[in-house]
Each structure stands twice: as structure tokens, then as C-alpha cells.
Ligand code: NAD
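Single chain ahead, written as C-alpha cells, the form predicted on its own.
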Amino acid sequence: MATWAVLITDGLEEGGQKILRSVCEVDDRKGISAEELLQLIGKYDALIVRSRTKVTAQVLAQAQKLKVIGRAGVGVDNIDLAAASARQITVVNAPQSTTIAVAEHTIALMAALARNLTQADASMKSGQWLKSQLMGSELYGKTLGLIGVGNIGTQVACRAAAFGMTVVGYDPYLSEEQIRERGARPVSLNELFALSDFISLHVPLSPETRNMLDGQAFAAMKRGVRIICTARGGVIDETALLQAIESGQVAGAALDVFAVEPPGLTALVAHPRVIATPHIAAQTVEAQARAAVDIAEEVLAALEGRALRWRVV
């Protein structure tokens, strides 16, 4: 008989579910509503989510049996960590599983932004031939500024170097030597703004990073900079970004994440110099398979009282 009951709310690939089912009773309720979650959470020892499910203090107040929350991915801003900690509920994630997918998506967005690929494709599909109007820019010889040089930032730096880019990095949690070891020249944030032709964000959403790219930050950047964000919605002040694009201070932006998701057809999403994708940076077959296995193993370790690789709280 199963020892623990596990609730999965946003889906989990079969490899992860198989690991869990070997010792647990697994209830896969992909797409469960917030109201249903409140009603049912009290029955479960473990909860596994992606970014859709909001694990609020209200939810946790109903989770009398809950021992562990697993995030099948990196970001945990959809989980109330303070409330979980207060109730002695362990939170774990799978920070390495989606690294390659997100890094590749970042590079893809940067290249598409530099070469106007989305506009070129749309014009061809509408029967136009806008060859002379779609002059692009090479990545070679340009400076990429990385805000955050963790696992994903490191992989982006490696790929950018292959394009012949100069990579500079800002990360207050790493030493200058650690940043160099990860493929970037360490600089201050203001230096990064002044030097970079492209800026890519790889930071979690926190009180310190919320709206870290605001009007003042955009004004400090090199005119014509291009912004890429595959991190978290909310780290960019979207109103300020739109104003900077319309003024020409920012030449364009490629965004996979938004402060509100889905954002709808906002002026920013609809802008011709913005590439918008629906939070798909981690959406590869390979990444999701890794995430499922990693989080299943970590949740089981937490339930069994074993050492954890990726404990958040």
C-alpha cells in the first residue's frame, strides 16, 4: 500500500510519475482550479507544481498533512515560501533540468531580434517582399550583458562566445573570479548598462529584482540596446520598457515572460519591435523529462527524510 499521497496539479511526464508511483499514491489533476485545490489539498503529503499553480498562504493553511512542495522547474515565485517555512513544509525545485532549454531559447530570441526574423516571416506570409526594409545587425563583435550568471547565464555566455560576442556579467551573489570562470567579465550594473548592445536577464523574481529594469535603468543604457528576458515576469517595468522602445532608447525586446500571464494583447506584446513568446523557454521534450525525474526524486527524498540536493526552504 502506498505510504504517501502526492498531488500533481500542472502535469508531470511519465518518467517522474513512474518514480512516484513506486511508493506513493499519485493523483494527477492537471489544470485543477484554485478553488478545487483549496478543497483537496488537506489530503496530500506532497504537492508538485509548475508555474501555473499558485501555492498561497491560504492554500497552505488548508494543507494539514503537507510535508513537501516540489516545483518541476526553477522559479518558485508562485509559492509562498514564508508561509511554507512557518508551517515547516519543505520546498524543493529542479534548477538544473531546464538550463539548456532556457539558454537555447535566449540565444534564439537574441538572434531573431538582431535579424528581424519575426517581421520577415510575417511579411512573407502576407505576400510582401521587404528585403530592403529589414536590415539586421550581426551578433559578432557585439557586447552581451548578463544580469545573473548562474546556471542559465553561464550556458548563455558559452553560446554567445561561439558567436564572437564579448560577454560581461553582473551578479551580486558571485565573486569576480566566479563570474570569470563562468565566461563573463565582471562589471558593475551601471557598467553593464553602458557597455552592452544586448542585455539578457537571468535572475529570480524577488523584492530586490522586481522592476530592476525601470525607466532610470533604461536611460542609463547605451542607446539602441536590445533586451532579452527569459527569467521571470516582473523583473522588467513593462510600462517603462514600452516607453523606452517608443523613444528609440531601446531598439527592441524579446520577452518570454510577463508580469501578468497570459498578458493578453497589450501595447507591449503588440509592438512591432517586440518579440513575444508564451513562457516556453523551458518547454522542450528533453527539459520536461529531466524536470519530472529530478523533482520526483527530490520529493521522495524529502518524504523519506534523506539528504536534499535542491532545497529552497
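A residue's number is simply how far along the shown sequence it sits, counting from 1. Please read all numbers here as calculations on a predicted model, not as lab measurements.
Keep in mind that the form predicted in complex with the named molecule is not shown, yet the notes after this line are about it.
Engineer: Within 4.5 Å of the named molecule in the predicted complex, heavy atoms considered, which of 113, 213, 167, 74?
Structural biologist: Contact residue from the list: 74.
Engineer: Only one of 104, 80, 237, 171 has a non-hydrogen atom within 4.5 angstroms of the named molecule in the predicted complex; which is it?
Structural biologist: Of 104, 80, 237, 171, the residue with a heavy atom within 4.5 Å of the named molecule in the predicted complex is 171.
Engineer: Is there a heavy atom of residue 183 lying 4.5 Å or less from a heavy atom of the named molecule in the predicted complex?
Structural biologist: Output for residue 183 is no: heavy atoms all beyond 4.5 Å of the named molecule.
Engineer: Applying a 4.5 Å heavy atom distance criterion, does residue 204 contact the named molecule in the predicted complex?
Structural biologist: Within the cut-off, so yes.
Engineer: Indicate whether the named molecule has at least one heavy atom within 4.5 Å of a heavy atom of residue 196 in the predicted complex.
Structural biologist: Judged by the heavy-atom cut-off of 4.5 Å, residue 196 is well away from the named molecule in the predicted complex.
Engineer: My question is simply whether residue 230 lines the interface with the named molecule in the predicted complex - judged by any non-hydrogen atom within 4.5 Å.
Structural biologist: It does: once the named molecule is placed as it appears in the predicted complex, residue 230 has a heavy atom within 4.5 Å of it.
Engineer: Which single stretch, out of 95-103, 159-167, 215-223, 125-133, brings residue heavy atoms within 4.5 Å of the named molecule in the predicted complex?
Structural biologist: Of the stretches listed, the one contacting the partner is 95-103.
Engineer: At a 4.5 angstroms cut-off on non-hydrogen atoms, which residues of 145-178 are near the named molecule in the predicted complex? List them in order.
Structural biologist: Residues within 4.5 Å: 147, 148, 149, 150, 151, 152, 153, 170, 171, 172, 173, 174.
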